[in-house]
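Only one chain comes next, encoded as structure tokens, the form predicted alone.
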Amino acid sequence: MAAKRTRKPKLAVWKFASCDGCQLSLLDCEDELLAVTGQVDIAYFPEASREYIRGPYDLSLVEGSITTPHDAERIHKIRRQSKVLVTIGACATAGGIQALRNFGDVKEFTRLVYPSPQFIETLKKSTAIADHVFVDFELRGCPISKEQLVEVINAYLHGRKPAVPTHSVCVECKRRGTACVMVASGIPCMGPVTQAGCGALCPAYNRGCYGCFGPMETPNTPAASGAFSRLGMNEDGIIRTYRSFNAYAEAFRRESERHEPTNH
């Protein structure tokens, strides 16, 4: 008698407002991805395949922020179809670089950029997926670390919690023997308040961290801003430092707003 075929878990990858960079990180896994595909059925992943298998899905990876009314409706449908939903990248976890519009008047932006702004249907803010539906796990980065992505997929396939660090980039600098660029060279660096994940790439080349992985766990942003100020950075520079890939992450947003002229 033939053995009963065990159903593979179904994996789906979804895109909202984003640059596709985090999906490309998944494709860049190469050998690791081949191992993953042996354990799952990739049911929906337009970046990689035309194949479409209907849900429900055991694991959904979601890239991109919510920026339109259609997005806001669609993410609820995806959540209902997904046993586990993981957001990947700065856009999905913090609104992305497009969340810079949250600090201004989106109608004014569309008027200046588009010749026929009346045809643009958009929300006032670009927001993270977790602002709309329950998210099982947020994987940070712009783009994400492919090693961390493989770890997250592997963890959920085997019913365990992902082992992704929440400490700062400073720990990565120490591990690789990189001298602190703020202490040694007087270069402003977001490393003390940014979550690890990149391997301290920028400091290894004597450049300050840009905060690609968003706020670390319990970041002391006022202390970091004080260090930036002592290195000669003005208030406008401090605001710009926090308003990049993760501008609308709570800790970075609050700190940037604290340095606005109206708050002085």
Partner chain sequence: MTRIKDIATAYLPAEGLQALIDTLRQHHDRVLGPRVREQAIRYETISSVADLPRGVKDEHEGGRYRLHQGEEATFFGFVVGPDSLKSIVYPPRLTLWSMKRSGHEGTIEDQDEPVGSTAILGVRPCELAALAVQDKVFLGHGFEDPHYRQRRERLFLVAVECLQPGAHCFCDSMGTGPGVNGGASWDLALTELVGDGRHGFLVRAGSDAGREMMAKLPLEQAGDGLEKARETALAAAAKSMGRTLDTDGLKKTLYDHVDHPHWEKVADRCLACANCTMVCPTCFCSNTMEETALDGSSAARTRVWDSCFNLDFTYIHGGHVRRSVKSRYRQWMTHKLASWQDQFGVIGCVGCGRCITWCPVGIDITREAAVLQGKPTKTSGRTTS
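Numbering follows the first chain given and starts at 1. Everything quoted here is computed from the prediction, not taken from an experiment.
This next part talks about the form predicted in complex with the partner chain, which is not shown.
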Using heavy atoms only and a 4.5 Å cut-off, determine which of 51, 217, 236, 28 is in contact with the partner chain in the predicted bound form. 217
Proximity to the partner chain in the predicted bound form, single hit among 182, 128, 85, 75 (heavy atom within 4.5 Å): 182
Tell me, please, which stretch of 129 to 137, 100 to 108, 154 to 162, 115 to 123 lies within 4.5 angstroms of the partner chain in the predicted bound form when heavy atoms are compared? 154 to 162
Just checking whether residue 80 would be counted as a contact of the partner chain in the predicted bound form - the rule being heavy atoms within 4.5 angstroms. no
Residue 204 versus the partner chain, in the predicted bound form: is there a non-hydrogen atom within 4.5 Å? yes
Taking the shortest heavy atom distance, is residue 230 within 4.5 Å of the partner chain in the predicted bound form? yes
At the 4.5 Å heavy atom threshold, is residue 212 in contact with the partner chain in the predicted bound form? no
Going by the partner chain in the predicted bound form, which residues of 170 to 188 come within 4.5 Å of it through any heavy atom? 170, 171, 174, 175, 177, 178, 179, 180, 182, 183, 184, 185, 186
